[in-house]
Each structure stands twice: as structure tokens, then as C-alpha cells.
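Subsequent text provides C-alpha cells for two forms of one protein chain, presented individually as structure 1 and structure 2.
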Structure 1
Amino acid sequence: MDDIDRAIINTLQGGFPICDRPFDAVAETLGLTGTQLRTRIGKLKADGIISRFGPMWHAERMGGELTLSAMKVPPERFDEVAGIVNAFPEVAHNYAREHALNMWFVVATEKPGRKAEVLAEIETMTGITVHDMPKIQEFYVGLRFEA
């Protein structure tokens, strides 16, 4: 990753235009052509430096449901349980964390009611209690990182 890649990440975290030729529209401010910008974004994605490029959809505003859930997984069953949890397409993220509650995952569903079903199915399939921690109030979301 060079300085231009860093500038792409820092600039395009703040937004991307909606217009006929959006890459051309932002490339110039980065000292690139639209084609060069697309190539670099493609490489950053392929290299895993950016995990997404495009719209970040907000499940709740779409009428769906979103929750954070935590489980206390016995270490010897960790990979098996991770496999069960991750196999649900509704599980958007899953992180191992250093705590007795050692598996934390986000469930995002399109239809109301499906969230409860997913959590119940995970409990049934694993035999482990799922702690449901839905958002009561959001004080801030502004996920940005300086590259």
C-alpha cells in the first residue's frame, strides 16, 4: 500500500458520488484517472485491505432487524460452534473475544421475527445459551480509520 492507496482509503471512507461516471468524478482529486482508481480499488479489495466497496446497508432502516449476540463456548467446541453460527446467512459478522463470553456475532435479518428464529435455531443446534443484546439506543456510529 502506497500513499495513493492511503489517500483513496481516507477519502472514500467519507463517501462516494452517485452519478454517471463516479470514478472519473473523484479520481481527479486523487491525482488519478478513473481507470487507475478502479484498478487500485480492485487490488485493495483483492488484497483484503478493504473489506467492502459500495453502499453499506442499514438493516433496521430497511424494516429488518439487527442484534449483537454473545455465547459462552467451551474452547474445545469453538470451531464446531463457529461453523454452525457462520453457516447462517443472517450472521453478518462474528468475532472471537477474550472473555468467558467468547463468541460475539451480529445477526441482520430482512424480515421482523426472523432474528428470534435464528437465535433459537443456534441455541437448539449448539445447546448453548445465546445472549441477545439488541441496540436500545445508538449514540454514535462513524466507523472511520486513518490509513
Structure 2
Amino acid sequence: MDDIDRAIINTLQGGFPICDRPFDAVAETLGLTGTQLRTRIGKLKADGIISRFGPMWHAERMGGELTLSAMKVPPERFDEVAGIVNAFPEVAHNYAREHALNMWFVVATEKPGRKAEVLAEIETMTGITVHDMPKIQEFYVGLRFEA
């Protein structure tokens, strides 16, 4: 990763313009063209430097549901289960933790009731209990990672 890629990652964590040509607007601040910016974002994703590039929607304010979920996955099945969980478009932020509940992920759905369906489908497909930990109170942390 070079200095331009670091600048892209650091810049895009702070927001994305809402305008007719948002990539061109961001690219100009980085000394790039919109095409160069999109190409570099695609390469960062293809190289596994970033796992996702896209908006973060507030599912509940849009009429959907959101929850944090955890599973106790046998180590020898971790990659297999991660593949099943990650195949759901409603799943984001899937990560490993050093804990008895070693797989944690966020489920965000467009419609009420879909969250329960997704968790049940994951349980059926993996044979592993999914612990649903819905949000009780929201806090804004403003987490950023310096590249």
C-alpha cells in the first residue's frame, strides 16, 4: 500500500460527498481522477486491504432491523461457517474474537421480521446457535482507523 492508498482510506472514512459525481469530487482532493480513485478502491478490495466500500445505512430508521450476533464456532469449522454467514447480504462486520463466542457479526435488514429469518437460516445451515444481542441504547463512537 502506498501513500496514495493510505490517503484514500483515511479520506473515505470521514464521509463521502452527495453530489452528481462524488468519486470525482473526492479524487480531486487527492490529486487523482475519479477513474483512478475507483480503480484504486477496487484494487484495495481485491487485495484484501479493505473488505468493504459502501455506505452505512441506519437500518432501523429506514424501517428495518439491526442486531449484533455471536456464535460459538468450532475452530476447525470457522472458515466454513464464516463463508455461510458472509453469504447473507444482510451480514456485515463479521470478525473473529478470542472468546467462547468466537464469531461476531452484524445483521441489518430492510424489513421487520427479516432479522429473525436470517438468524434462523444461519442456525439451520450451520447447526450452530446464533446469539441475538439487539441494541438497547445507541452510542456514537466515531471509530476511524489510520492507514
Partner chain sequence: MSEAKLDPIDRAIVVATQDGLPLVDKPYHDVARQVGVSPDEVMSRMERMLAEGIIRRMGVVPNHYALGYKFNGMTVWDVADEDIAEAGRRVGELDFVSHCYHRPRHLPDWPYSLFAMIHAKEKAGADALVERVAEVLGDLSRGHMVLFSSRILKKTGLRL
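For the two forms, the rigid core is made up of the largest set of C-alpha atoms that agree within 1.5 Å on superposition. If you're wondering where the values come from, they're calculated on a predicted model, not measured in any experiment. The first residue in the sequence of structure 1 is number 1, and each one after it adds one. Only residues modelled in both forms are compared.
In this comparison the chain labelled structure 1 is the form predicted together with its partner chain, and the other chain is not.
Annotation for residue 101: C-alpha shift under 2 angstroms between structures 1 and 2, rigid core superposed. Superposition on the rigid core between structures 1 and 2 places the CA atom of residue 26 2 Å or more away from its counterpart. The Cα position of residue 41 differs by 2 Å or more between structures 1 and 2 after fitting on the rigid core. Aligning the rigid core leaves the CA of residue 17 displaced by 6.2 Å between structures 1 and 2. If you overlay the core, the Cα of residue 140 moves by 3.9 Å between structures 1 and 2. Under a 2 Å criterion for C-alpha shift, the consecutive stretches of 3+ residues that differ between structures 1 and 2 after core superposition lie at 1-56, 139-147.
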